[in-house]
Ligand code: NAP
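For reference, the chain that follows is the form predicted alone, supplied as structure tokens.
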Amino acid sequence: MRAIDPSSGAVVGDYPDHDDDAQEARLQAAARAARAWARRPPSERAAPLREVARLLRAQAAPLAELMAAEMGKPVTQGRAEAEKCASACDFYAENGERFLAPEPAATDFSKSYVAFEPLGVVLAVMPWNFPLWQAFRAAAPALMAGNGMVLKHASNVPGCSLAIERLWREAGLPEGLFASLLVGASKVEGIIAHPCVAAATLTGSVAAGRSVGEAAGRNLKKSVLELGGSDAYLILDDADVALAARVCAQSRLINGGQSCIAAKRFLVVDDVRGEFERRFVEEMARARVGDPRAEDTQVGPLARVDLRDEVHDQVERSVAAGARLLLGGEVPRRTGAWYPPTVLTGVRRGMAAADEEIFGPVAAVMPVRDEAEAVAVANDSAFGLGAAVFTRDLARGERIARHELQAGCCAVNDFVRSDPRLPFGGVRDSGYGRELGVFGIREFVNVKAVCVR
């Protein structure tokens, strides 16, 4: 596997793939380690989680440099990602035993309860956009629950994959319990079918989710899928437009727009659209694009040139279909996977910017007449990961977020993001199952009824 710096095209490093023998040895080692790990009480499992959290904070700077080199993340965001991983590990170390405690049930038996027992080894198929966070948000609850994990990371971040394995090893996790597999996507189906693997979790594209879900179903193994999103942000007639423009730009540009949960479609009521577009373009244009290693950079390059070209093609197809460019939309004449913050308006259903997930710093403004049309357009999507609504009437916003928006994560007057304390996931083509929170740790357990006469 070859890691390439997307800011310059320079080769960062070459890593030999794991061949079939190495893959088999790692799967067998993980299964052996998981059997022993499952017998340890949750209080003991918490110790490596606390230690890996300490290591993540201590090594945040070099980890951020590694992410910048392999996929272009600005180092300030990389350090924040390492801290977020640490907070997730701390959260499960602190709360895991309580989440896994048996729950008594009143039945005809003298004693009956529900126990939460580990399944075994979980395969994690993870993407490049948050190379640490995606892996740790899967690993922390799975390991705390008593499972093992093998990580098939994206092929363009092999150094990050091995760094994650090293961190767990340095934290004192039993040898082999967490293992990185440097293999291509063609190997995933066979790994899911392997008798050492009990379940699978994937964060990635809809196509990848269908493939993993199909393979898991065919082998009767549990799966959790967190897939794409085309999150709708509703800016209503009574919104604080300055706040909405600032927050919407921030959400759209996090990680260069390469986030499933980023704001992507902006459904703006006609009464405030002129003001919103003006302020929004100002906010998007203000973002500092540059070297991901620079402390003042807010938007770095996209992760690969082919991904940049795909984003530009989606913009061009939207403009050809009648959308108007308010900002950006041109490929810079420089080496690397660069693309500028871009704003489209007049976007409607049938255009790429409305129907497809754009994985880059491109915002699609969709005019709507009123609240009812905004809700209808928001829900008229194959995706259902996140959504947000901006209004000064908090009761109105909460009603819309709770009862009307069809998504797994909804916010009022703020942008949607994952949080270790809350469940995270979507509906429809955004996948199924939940990560994080109490629901995340219970995804990969045997929910066992125990009855004593």
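A quick note: this is a predicted structure, and the numbers were derived from the prediction, not measured. Quick note: we count residues from 1 along the sequence shown, nothing fancier.
Just so it is clear, the following notes concern the form predicted together with the named molecule, a form of the same protein that is not shown.
Contact check for Ser155, Ser205 and Gly229: all three have a heavy atom within 4.5 Å of the named molecule in the model of the complex. The contact with the named molecule in the model of the complex, taken as any heavy atom within 4.5 Å, belongs to Val212 out of Met351, Val212, Ala239, Leu253.
Put simply, of Val114, Ala185, Val305, Ala285 only one has a heavy atom within 4.5 Å of the named molecule in the model of the complex, and it is Ala185. When the named molecule is considered in the model of the complex, Gly96 lies well away from it, no heavy atom lying within 4.5 Å.
Taking the partner from the other structure, the named molecule in the model of the complex has a heavy atom within 4.5 Å of a heavy atom of Trp128.
In the model of the complex, the named molecule lies within 4.5 Å of some heavy atom of Leu385. In the model of the complex, the named molecule stays beyond 4.5 Å of every heavy atom belonging to Tyr233. Picking from 185 to 193, 100 to 108, 327 to 335, 239 to 247 the stretch near the named molecule in the model of the complex, with a 4.5 Å limit on heavy atoms, gives 185 to 193.
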